[in-house]
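Below you will find one chain, with nothing else, as C-alpha cells; this is the form predicted alone, and questions on how it binds or moves follow later.
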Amino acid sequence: MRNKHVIDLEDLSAKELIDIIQLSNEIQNHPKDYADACKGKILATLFYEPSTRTQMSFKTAMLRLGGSVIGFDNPQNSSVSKGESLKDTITVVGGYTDIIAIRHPLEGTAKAASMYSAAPVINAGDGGHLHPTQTLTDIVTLYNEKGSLENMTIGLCGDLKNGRTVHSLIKTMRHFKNNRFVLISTPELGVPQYIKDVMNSSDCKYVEVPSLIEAMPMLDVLYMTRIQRERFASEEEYEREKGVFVLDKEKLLSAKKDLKILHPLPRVDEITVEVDYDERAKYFIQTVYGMYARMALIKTMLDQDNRSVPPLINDTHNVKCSNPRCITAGESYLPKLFRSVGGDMLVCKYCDSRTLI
C-alpha cells in the first residue's frame, strides 16, 4: 500500500481497491485459509460515538482472522471522561496495538489521530465528513451484485449534507469509468461544496433533483440514507426534514428490474419494511460483504508491517478552521493545516471545510 493509514479511500489507488475487493471475495470463499492470518495481532476499536454494524464488523473481522480486539464503545468508560486529549489516547493505544479503527463525532478526527499513532489508523467515521470502510463495503457489494464498478447511474437520497457515507462513495466512484450521480435531497441537505468541487474537478456528471419518484426510472443503483437526528442543531430542524424521502413498494414500480438498493444502515423510516422482500434490496447482504471487506483491508494493512513513530508536523498557516465541528476546534494543540485553492481561500486538511484567509 502506498499509504500507512486509511483516512479516506483516496489513500488507496484504484488497483489497491480492486485487490482488496478480490481478496475479500477470496476470504469469503475460503475462510479457513485465513483463520490465522492475523494471529498474534491486536486491533483497537476506539468508538467515541454509537455504532452497531461498523464496530461489530471490525471486531468480527479481526476475530475471524485470528487476531484479538481491545478498545471502548463509550468514551465515558475511558480516560477521555477525565479530559485526556486525543493525542495522548492515540499515542498510548498506538503503542499497545498493531492497528486502530476510530470513530468520532468531530470531523477530521481520524486525520488528527494518524498524526500521533505508531500503528496504522483506519477511519471508521468522522462526524459528517467521511466513512471510507463503509464505502469499501459499498463497492464490494456493487462489484459482486452489479458485476462492475463502471457505467452506472447512482442515485443518492436523503441527508447528503451530513452523510459521510455519501461523501466517501462519490469520491471513490468518480474514479471509475462513466459513473454518473443523481443527488436527491432537499435544498437544505444537499451535498457540501467540497464534494461538488471533487466532482467538477473530475468532469463527473451529476444532477440534483428534489423528487425520488422523478429520479427512480434512470437509476442503476439507489443509495438511501437516513436523516441523521444527531447532526442537527435542534429538534425543530430535524422534524422539518425527516420523512421527506421514503422508499416504498409503489415507488419501485417505475424502477429498473436490475436496480440495486443499498443503505449504510441504521434504517429509521426511509425504507418501508415491505421493500426488504424485493430482490433488488441488498442492504442486509451489504453488511455481510462489509465484514469481508474489512477483513481484507485489515490483512492488507497489517501485511505491510508499517509501524513507525510519527514525525512532528508544524503549522502551515496561522488561520483557524471555520468549521465548528472540526476536531481542531476542540483539540487546540493540533497544528493548523490547510491547502490553498486559490485567492484567499484555504481548505482544512482535517475536515475539508473552506476558510477565508
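Fair warning: this is a prediction, and the values are worked out from it, not measured in the lab. Numbering starts at 1 and runs along the sequence shown.
Omitted here: the form predicted together with N-carbamoyl-L-aspartate (NCD). The next part is about that form.
Contact annotation: Pro266 falls within 4.5 Å of N-carbamoyl-L-aspartate (NCD) in the predicted bound form, judged by heavy atom distances.
Within this chain, Arg53 lines the site of N-carbamoyl-L-aspartate (NCD) in the predicted bound form, having a heavy atom no more than 4.5 Å away. Interface membership of Lys260, defined by any non-hydrogen atom within 4.5 Å of N-carbamoyl-L-aspartate (NCD) in the predicted bound form, is ruled out. Shown alone here, Lys111 lies farther than 4.5 Å from N-carbamoyl-L-aspartate (NCD) in the predicted bound form, counting heavy atoms only. Residues placing heavy atoms within 4.5 Å of N-carbamoyl-L-aspartate (NCD) in the predicted bound form fall in a single listed stretch, namely 160 to 168, out of 160 to 168, 145 to 153, 84 to 92, 68 to 76. Shown without its partner, this chain lists Lys282, His104, Arg226, Arg174 as candidates; in the predicted bound form, only Arg226 has a non-hydrogen atom within 4.5 angstroms of N-carbamoyl-L-aspartate (NCD). Of the residues given (Gln134, Ser185, Thr97, Asn123), Gln134 alone sits with a heavy atom within 4.5 Å of N-carbamoyl-L-aspartate (NCD) in the predicted bound form.
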